[in-house]
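Take a look at this single chain, the form predicted on its own, given in structure tokens.
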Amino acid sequence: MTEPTLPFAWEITAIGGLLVLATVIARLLRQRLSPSGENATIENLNARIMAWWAISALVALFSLGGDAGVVTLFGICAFAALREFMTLTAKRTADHWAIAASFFVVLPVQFLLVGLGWYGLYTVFIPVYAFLLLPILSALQGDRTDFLERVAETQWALMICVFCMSHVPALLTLNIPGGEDRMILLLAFLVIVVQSTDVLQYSWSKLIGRRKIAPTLSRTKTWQGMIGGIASATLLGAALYWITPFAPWQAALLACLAATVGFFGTLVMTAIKRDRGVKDWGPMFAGQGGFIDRLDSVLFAAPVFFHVVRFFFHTP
């Protein structure tokens, strides 16, 4: 059973208040502990909070256009992320048709299907139909050099940047008792919890981190930091239950799930960057990387979060 929630306007105001509070605390910490920018943890926290402001402002702006506006926003983000991913892949002239189809056919069709709420098709369109179409387009050019590697990279780019990204606005298509006309807040819940996990695990790693998870991939990700970050994000999710249609314990479990998947998603995306010999996916945000650097954890968490919520809470 779900609990009664606050009026929508109060919830929006409360989220804005949380952002203001986080900003004030981060600025005070910088003034006290990192006046010259020497504390990486404090600088990372301030940068992420600024990113949250930007994300919140964009979501608020595009939400004026209703669900279609939010779907369009994440479609634009997927385009930017796909562009970043493609720049790190090995491509030949024979792949031009496959790349063009990815950007100008597959991506818009996927988000159109999400906008239409066509669940039976947008969950298989890229994993099945685009998966088979792209190698056909490349094979028709007759270039067999590194064929499998080239095609696999394109398919990976589509799965991560388009398919996974599309599951964030897909939350708006769910019908959850108590969540009518408020699903934008569930979307905010997912982003806040997963983004917070990044900062929290980093902070816990700096404080008590001893044993690194994968030293050759990341020097800052430790087992202690991961456990502390996920536990903290779980508590944060429980505290934010009032913006969701869920009871506190349900919000806590969903936050724990999203935080865990998001953490390992960040690790996977870091492995790709290390393999390609780059620090960041792109230069979109000065000193903070590109779209994928900011959203890598959300990209992995979104499909899992969406399907678990749909399975347990969605009503036809």
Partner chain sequence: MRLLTGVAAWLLGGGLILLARLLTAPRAIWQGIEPVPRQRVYYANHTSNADLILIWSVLPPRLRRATRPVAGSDYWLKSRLRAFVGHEVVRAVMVERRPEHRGDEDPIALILDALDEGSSLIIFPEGKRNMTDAPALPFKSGIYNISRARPAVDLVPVWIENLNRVMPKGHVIPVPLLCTVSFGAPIRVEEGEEIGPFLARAADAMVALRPNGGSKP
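Residue numbers count along the first chain shown, from 1. On a predicted model such as this, the values are computed, not experimentally measured, just so you know.
There is another form of the same protein, the form predicted in complex with its partner chain; it is not shown, and what comes next is about it.
| said: Among the candidate stretches 81 to 89, 67 to 75, 210 to 218, 165 to 173, which one is within 4.5 Å of its partner chain in the model of the complex when only heavy atoms are counted? | reply: Correct option: 81 to 89.
| request: Indicate whether K206 is a 4.5 Å heavy atom neighbour of its partner chain in the model of the complex. | output: No, K206 sits far enough from its partner chain in the model of the complex that none of its heavy atoms falls within 4.5 Å.
| task | Report whether the minimum heavy atom distance between W281 and its partner chain in the model of the complex is within 4.5 Å. | result | It does: once its partner chain is placed as it appears in the model of the complex, W281 has a heavy atom within 4.5 Å of it.
| field | Distance check, F125 to its partner chain in the model of the complex, heavy atom within 4.5 Å | value | Result no; F125 lies far from its partner chain in the model of the complex.
| Is R276 a contact residue for its partner chain in the model of the complex, using a 4.5 Å heavy atom cut-off? | R276: yes, in contact with its partner chain in the model of the complex.
| request: Tell me whether H96, A100 and F104, taken together, all sit within 4.5 Å of its partner chain in the model of the complex, counting heavy atoms only. | output: All three within 4.5 Å in the model of the complex.
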